[in-house]
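Next comes just one chain, in structure tokens: the form predicted alone.
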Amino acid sequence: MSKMYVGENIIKVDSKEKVIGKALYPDDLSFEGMLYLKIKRAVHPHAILRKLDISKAEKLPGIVKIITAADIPWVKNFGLIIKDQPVLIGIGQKMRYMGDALAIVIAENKEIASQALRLIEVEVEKLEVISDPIRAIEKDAPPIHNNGNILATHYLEKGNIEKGFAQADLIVDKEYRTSFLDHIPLQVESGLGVFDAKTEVITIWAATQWIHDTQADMAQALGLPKEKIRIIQPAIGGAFGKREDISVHLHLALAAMLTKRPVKLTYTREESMITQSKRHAFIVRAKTGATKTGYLTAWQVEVIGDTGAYASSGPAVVRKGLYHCTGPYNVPNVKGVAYTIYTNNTYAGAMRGFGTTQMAFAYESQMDILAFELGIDPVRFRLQNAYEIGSSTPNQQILNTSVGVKDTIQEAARMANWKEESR
């Protein structure tokens, strides 16, 4: 197999169709007699819904049906790891971010559906908006979920951190912050749904990265066996982690079931930005010790990951960031804690790097500061601390194969024409 692929140019199986414009994305698909959906979203990022009046919108010519939480009492919450996200917010329930769905508007065309959104009257009891994870963990902060604002806590310990700092000639203690980041795939969230009344099978044409997990999550939310949910994957216009989360799938399924007609839902770019997952914003507090000869002795870290209004992949992403707190560098003594925090920001989930990208900003900044303070060339400083075969990671995994950190650093320095700094 290696002779067939390694070192050879391999044509992607779908590249030609995409280049010549024949690839079919969800928004390219249609069915005869198809209805169009629009979603009425939250009017405040943290509030209790007190009134949802759809009467004016229902009278609009071309409106087929408007679904609210009162119409679907059997539907359960959904979510990748923790089922904490409601399909629709009901009266007396809490909206936790601006992407929360209040009603599904079903109409003969998109224009009528959009017009109906403006006719839906909403009254809320506003609560304090928590946009800062530090505020979220203060004792007097209002709880976003019933169990409080700390979703998960993870710990990490290797060696003896006190001993490590005692051995250090230099200690650098800094705080780093990264922001939310949207994936911005070219294709916004879009899909179609069809309900077969004879077989009671719901078929969804929509992009997802985890097709079987999406099927399972939909089935548990709708109270159906998995074999009643069929997902067909059209061409995906970019994913990068964003399409691990459910987007249009459940709203399409409900609309198709309750109208018995094909339905279509396509987000606007604004809706995609407000509603769907982001890369987590991190606060990283790192304290690092090193000897005057340039060897790392201790690394202590506190990670605060803002997972927004709902869990999504949050606990796994923030924990993964913690486990990569020292980057590809040998440190005999490590101690860390990571908190995954609810806020009223758009929820955060998977994005390429899965928590390690944010940590790289922190640990590489620490390495640069240490090298500068010690008067050691930053390339040489990294090389003498870099992983090699037999190294142990912060969670004490022994690296036995494929450890190419030193080769990578050396090649990068060569390509950059790096000249060793001397001070």
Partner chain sequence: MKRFGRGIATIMFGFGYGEGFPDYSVASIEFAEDNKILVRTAAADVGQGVLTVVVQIAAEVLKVSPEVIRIIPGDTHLTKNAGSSSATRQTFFTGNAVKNAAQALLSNIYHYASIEFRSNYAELSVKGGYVFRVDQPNNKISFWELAQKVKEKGEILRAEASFFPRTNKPNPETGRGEKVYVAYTFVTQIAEVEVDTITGNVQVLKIYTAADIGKAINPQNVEGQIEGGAMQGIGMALMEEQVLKDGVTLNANLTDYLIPTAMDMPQFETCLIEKEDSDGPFGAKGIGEPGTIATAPAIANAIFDAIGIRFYDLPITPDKILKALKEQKDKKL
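For clarity, every value in this text was computed on a predicted model and none was experimentally measured. Numbering follows the first chain given and starts at 1.
One more form of this protein, predicted together with its partner chain, exists but is not displayed; see below.
Q: Identify, from the list Val122, Ala152, Met98, Ile72, the residue with a heavy atom within 4.5 Å of its partner chain in the model of the complex.
A: Selected option: Met98.
Q: Considering non-hydrogen atoms and a 4.5 Å limit, which listed residue (Ala239, Leu170, Ala219, Ile137) is close to its partner chain in the model of the complex?
A: The option sitting close enough to the partner is Ala239.
Q: Does its partner chain come within 4.5 Å of any heavy atom of Thr393 in the model of the complex?
A: So Thr393 counts as contacting its partner chain.
Q: I'd like to check something about Ala141: if you look in the model of the complex, is any of its heavy atoms closer than or equal to 4.5 Å to a heavy atom of its partner chain?
A: So Ala141 does not count as contacting its partner chain.
Q: Does its partner chain come within 4.5 Å of any heavy atom of Ile211 in the model of the complex?
A: Ile211 belongs to the contact set for its partner chain.
Q: Please run the contact check for Thr291 against its partner chain in the model of the complex: heavy atoms, 4.5 angstroms, yes or no?
A: Thr291: no, not in contact with its partner chain in the model of the complex.
Q: Using a 4.5 Å heavy atom cut-off, indicate which stretch of 86 to 94, 254 to 262, 291 to 299, 317 to 325 touches its partner chain in the model of the complex.
A: Result of the contact check: 317 to 325.
Q: Taking only heavy atoms into account, state which residues of 354 to 389 are within 4.5 Å of its partner chain in the model of the complex, ordered by sequence.
A: Phe354, Thr356, Thr357, Gln358, Ala360, Phe361, Tyr363, Glu364, Ser365, Asp368, Ile369, Phe372, Pro378, Val379, Arg382, Tyr387 sit within 4.5 Å of the partner.
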